[in-house]
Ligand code: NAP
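Single chain ahead, by itself, as structure tokens, in the form predicted alone.
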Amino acid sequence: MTAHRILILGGTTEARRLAERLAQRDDIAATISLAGRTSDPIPLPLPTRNGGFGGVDGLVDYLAKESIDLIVDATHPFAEQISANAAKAAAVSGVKIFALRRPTWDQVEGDCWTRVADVGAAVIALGETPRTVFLAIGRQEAGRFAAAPQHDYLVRSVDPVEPPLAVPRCRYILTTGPFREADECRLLEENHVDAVVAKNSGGSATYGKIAAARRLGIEVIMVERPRQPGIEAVASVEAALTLIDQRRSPAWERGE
């Protein structure tokens, strides 16, 4: 049996773990693609490409050129555009596709969440009264909060926010997770934070801030996930590996 050619759309912990598992297999020839937005990404054990494909048409061309058999969309749950493009390109080219998507965080007793549909709604949800806000949404959309300059902001991201947030009072933390609950409690208390803005990205690496906010009774403005393409999805690396094996079996090809 020839090696199954897989394109992993990455950028998440789950994508990296899947890459580590597939790199050990001789029957799989996988490539992982990153958006190229992080200046110093963690090295991966598979051939890696950086940057976009040039929309749906560019991805269709890539799939044909590289004879890709399967796409695994393991992008961030908020990487809405590439997920939509991947689903369309798969449909056009006839390439199989599924998503590896971590489960959302669920609100539990003690949480004080205000759920909003997008970052623009999160800006409004902070209200007019000045607050000290911890922005934990990454750097791409941090600039949206310039529309609410009355607040004090503490912004955490992997890479610098460029241009800096156009507000009178803003401090920046450049670091990568995972973040422990105890450390997050200390961060929130020392900075007198009274509101956390977060995206419901799921996973354990950044859940510490949610648990810390619960412990301290701090409101979380929770940005809900965008609508995902209507493709099959699994929630774990083990489930993804099982599905990869199923989708390359002769029985699956016959529709059994």
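Sequential numbering from 1, following the sequence displayed. Quick caveat: nothing in here was measured; it's all calculated off a predicted structure.
Although it is not shown, the form predicted together with the named molecule is what the next lines describe.
Asker: Which listed residue (185, 91, 82, 116) meets the criterion of a heavy atom within 4.5 Å of the named molecule in the predicted bound form?
Answerer: Spelling it out, the residue with a heavy atom inside the cut-off is 82.
Asker: Counting any non-hydrogen atom inside 4.5 Å, which residue from 230, 217, 55, 47 sits next to the named molecule in the predicted bound form?
Answerer: Contact residue from the list: 55.
Asker: Among 123 to 131, 137 to 145, 177 to 185, 92 to 100, mark the stretch whose residues have heavy atoms within 4.5 Å of the named molecule in the predicted bound form.
Answerer: Of the options given, it is 137 to 145.
Asker: Applying a 4.5 Å heavy atom distance criterion, does residue 240 contact the named molecule in the predicted bound form?
Answerer: Although the named molecule is absent here, residue 240 would stay clear of it in the predicted bound form, with no heavy atoms inside 4.5 Å.
Asker: Residue-level question: is residue 29 within 4.5 Å of the named molecule in the predicted bound form, judged on heavy atoms?
Answerer: Although the named molecule is absent here, residue 29 would stay clear of it in the predicted bound form, with no heavy atoms inside 4.5 Å.
Asker: Do residue 51 and the named molecule share at least one heavy atom pair within 4.5 Å in the predicted bound form?
Answerer: Residue 51: yes, in contact with the named molecule in the predicted bound form.
Asker: Whether residue 18 contacts the named molecule in the predicted bound form should be assessed with a 4.5 Å heavy atom distance threshold; does it?
Answerer: Judged by the heavy-atom cut-off of 4.5 Å, residue 18 is well away from the named molecule in the predicted bound form.
Asker: Are there residues in 64 to 79 with a heavy atom within 4.5 Å of the named molecule in the predicted bound form, and which are they, in order?
Answerer: 75, 76, 78, 79 sit within 4.5 Å of the partner.
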